[in-house]
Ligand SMILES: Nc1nc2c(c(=O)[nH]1)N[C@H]1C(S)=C(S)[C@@H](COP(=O)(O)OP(=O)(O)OC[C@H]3O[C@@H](n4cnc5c(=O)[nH]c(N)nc54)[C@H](O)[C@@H]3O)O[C@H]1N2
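Encoded as structure tokens, the following chain is the form predicted on its own, with no partner shown.
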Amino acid sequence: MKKLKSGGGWPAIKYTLQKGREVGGIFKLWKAMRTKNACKTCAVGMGGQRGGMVNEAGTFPEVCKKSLQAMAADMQGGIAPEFWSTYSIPQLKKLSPYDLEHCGRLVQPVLYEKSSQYYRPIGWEEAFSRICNRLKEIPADETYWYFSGRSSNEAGFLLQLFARMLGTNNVNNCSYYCHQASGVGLTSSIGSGTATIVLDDVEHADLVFLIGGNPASNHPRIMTTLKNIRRKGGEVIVVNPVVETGLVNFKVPSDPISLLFGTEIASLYVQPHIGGDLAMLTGIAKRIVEMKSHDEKFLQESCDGAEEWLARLAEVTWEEILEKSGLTKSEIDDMADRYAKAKNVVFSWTMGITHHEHGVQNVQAIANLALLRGMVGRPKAGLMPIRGHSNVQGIGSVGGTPKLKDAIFERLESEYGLSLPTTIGKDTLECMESAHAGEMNFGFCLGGNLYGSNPDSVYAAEALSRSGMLVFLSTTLNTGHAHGLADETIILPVLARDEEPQPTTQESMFNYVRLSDGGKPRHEGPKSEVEVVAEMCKRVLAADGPLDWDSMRDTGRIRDAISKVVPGWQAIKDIATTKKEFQIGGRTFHRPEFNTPSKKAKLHCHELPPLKGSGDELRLMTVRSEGQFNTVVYEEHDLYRGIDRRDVILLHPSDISRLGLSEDQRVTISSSTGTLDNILVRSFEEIRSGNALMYYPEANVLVARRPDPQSKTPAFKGVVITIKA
């Protein structure tokens, strides 16, 4: 497959037309994309009351392939009833993520029982009876509740409240497997776990660090902003062990000049070894201090721990930094020189930073580097974790975490007279470990693919199979519906965001709460997530309790409750009437006053981790393809990398030669956790030698259950592997 020289451009336009044909015409797709609903994919912040394809700065048209793919998937025809008697569980297990996604929309509840080899359609009444009877029979702490970023704030708030009123804090969300390290790291540094800036700040930056991410494939709308920065003379420093096509050059389809001639994105492209980021960031900071380009006044007046950290920078040697980053001194000097000259700097990152055993320390080191020159706590500069799902941040904000924020806990109890559990709730990985130990009788997944998102997929399948009952709220099939099925597994078909009968809200990565109007359902059968959860509440919880569960079918009533108990969310109460979308207060830092007890930022000292692997071992990073969103695979080929399949390992030509391998050779990949057979070797000059690339989630069998100790985020990057012919 031919590798493209630019991201975006005419292939993206061609793909749009192709998707239009698939769903019945480009006008039909255009109409769906223009509805007043928040985008279904990444959390950059699109749609809402300004209509689809409009960003938070009001720019139109803003559209990307990810949103088109998600919309086209929701516009599929329904799965026919005979599908379930045709395809057995063993047959479903053989289907790829792509195959399962393209089976069609789920339109009726289905049940799998361990004594059978098939799912069978059931009615909604039977589904509710089975689920609610199980919940009445078992202790609350034998249940766990998993939230996807696909859902609304209303559904998330109601479900976490239901779980806690049952008596458990085993409430967690998909961020534990992606950006939880960002939240923990930022909170420890500035007292807030989200972006410190708004989109307009990024537009006015003259330097953006893009570390450990590939937004050209995973968050394409950000490419418009990067294009604008470069066009105004600003710089973009890309840090990635792989040279990604779209980060070198990108053709923004909505910009005629960029479309025709392309836009150079990276003004500097740096390739550390996988796992070398912490040493690299420390090295840049050390060089800035050596150049006396740091802001001494800001460090002393607005930061705690400055003296200790500066002493640590002086102590660490260049030999250690270069050895543990894999970079040369000149590469680090070049980044430091550009940083020292810039006036407005934004630091952005994704899972290349968080998916490590020291992910929180990586994030703290980025915050340290920004604070070193006073690039946090003022306009046009700051910290920007690029969130991967459209409402993953909102789910956490409204309580979808094991521990409620103290203010939410206290207000729920005082406002509604509740007595909530105070036990320590389990995070996502802890719930899987408890399920594997046979301690869980019930698992509930509000969207997402819990199996596909887990490390050590063999262990994950075993854990899910020991969960007693599993319930999935889904729009389409995924690998989680085929692997690791419990004694009873129920899939409930739910409406997509633009089919909801009532308005819902979502939160963008810039802390902006947006209203989605919903729309007409495309199929008979699926229900609203809020309706499903409210029905469960009514059937399981006491009818004479402090809440009227029938009234909680109204998303407006849920927003009223959110406004009373979630700090900074008062404006959500009337958002459906006023149509005034709002930004959550206390998260954007345009002044050097932070949400810490001292009102100062905190600098952190770190020991530099050694690079993993030696001899014939390689460091593996698992990644998403250009035609993929999280665990959902929309296309089997990877357009930008020029790869035509997913059962491959991408290696630098020098590593292929060194290991005695050849192009297209079938090999076995092994790690401390698992083995993958019959994998094709592909030559890939764009990856730093000594490192390897494979696709997520197929390569999860190789990823160990060794998380970052502070965030519990698994290390999907830096997996040590060996290759045998």
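The numbering used is simple: start at 1 and walk along the sequence shown. Note that this is a predicted model, so its numbers are computed, not measured.
This protein has a second form, the form predicted in complex with this ligand, left out of what is shown; the following refers to that one.
Colleague: Would you kindly say which of 474, 489, 325, 441 lies with a heavy atom within 4.5 Å of this ligand in the model of the complex?
Modeller: Looking at 474, 489, 325, 441 one by one, just 474 meets the 4.5 Å heavy-atom criterion.
Colleague: Consider the chain as shown here, without its partner, and state which of 602, 641, 287, 294 has a heavy atom within 4.5 Å of this ligand in the model of the complex.
Modeller: Checked against the cut-off, the match is 641.
Colleague: Taking 4.5 angstroms as the cut-off for heavy atoms, does residue 253 touch this ligand in the model of the complex?
Modeller: Residue-level check for residue 253: no, no contact with this ligand.
Colleague: Although this ligand is absent from this view, report whether residue 42 comes within 4.5 Å of it in the model of the complex, heavy atoms only.
Modeller: The answer is yes: residue 42 has a heavy atom within 4.5 Å of this ligand.
Colleague: Using the partner position in the model of the complex, report whether residue 277 sits within 4.5 Å of this ligand, counting heavy atoms only.
Modeller: Contact with this ligand, yes.
Colleague: Verify the contact flag for residue 712: yes if a non-hydrogen atom of it lies within 4.5 Å of a non-hydrogen atom of this ligand in the model of the complex, no if not.
Modeller: Residue-level check for residue 712: no, no contact with this ligand.
Colleague: So if I measure heavy atom distances to this ligand in the model of the complex, which of the stretches 198-206, 331-339, 215-223, 88-96 falls within 4.5 Å?
Modeller: It is the stretch 215-223.
Colleague: Would you give me the residues of 339-356 that have any heavy atom within 4.5 Å of this ligand in the model of the complex, in order from first to last?
Modeller: 350, 351, 352, 355, 356 sit within 4.5 Å of the partner.
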